[in-house]
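Presented below, as structure tokens, is a lone chain in the form predicted on its own.
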């Protein structure tokens, strides 16, 4: 079984406390968005700041850790699903680096868990929903709406040639 599929299966079954490894910062908020001021009205956790982050890129992921080093199985599964589809250009925010952002994104989406995935500014869901969309083909269609061709389409085409 390939590593990616293994982690997708593990993440879909994982229920319990997550283990944390060394945390390192991911990316900062996009330059000029005014959200780097910390707490309070303009901080990362404010509704306005979260909205700017969500809308700053077509694909946005709020996760524990970063794409190179996810710090929980669910965040890793989201990264692996995006990787399987060939989505490399996305903005990821490590909520472990900013408690205000961690709570702010939960309040913004009215969704209690991390990771959270946004496509074109719209909340899609977390790991379980993204996995379901991957399995039933909906993710291919949603990516297509963003102008992103899923790598799985090319993989299927290559299989048909054999």
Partner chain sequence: MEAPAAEPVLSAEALRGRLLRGLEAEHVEVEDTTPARCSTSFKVLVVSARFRGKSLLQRHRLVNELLAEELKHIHAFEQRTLTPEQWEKERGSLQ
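None of the values given here were measured: they were computed from a predicted structure. Positions refer to the first chain, counted from 1.
Heads up, the form predicted in complex with its partner chain isn't pictured, but that's what we're talking about next.
- In the predicted complex, its partner chain sits within 4.5 Å of a heavy atom of residue 112.
- Not displayed here, its partner chain is approached by residue 132 to within 4.5 Å at the level of heavy atoms in the predicted complex.
- Proximity of residue 128 to its partner chain in the predicted complex falls within the 4.5 Å heavy atom cutoff.
- At the 4.5 Å threshold, heavy atoms of residue 90 stay clear of its partner chain in the predicted complex, well away from it.
- Of the residues in 70 to 100, only 74 comes within 4.5 Å of its partner chain in the predicted complex through at least one heavy atom.
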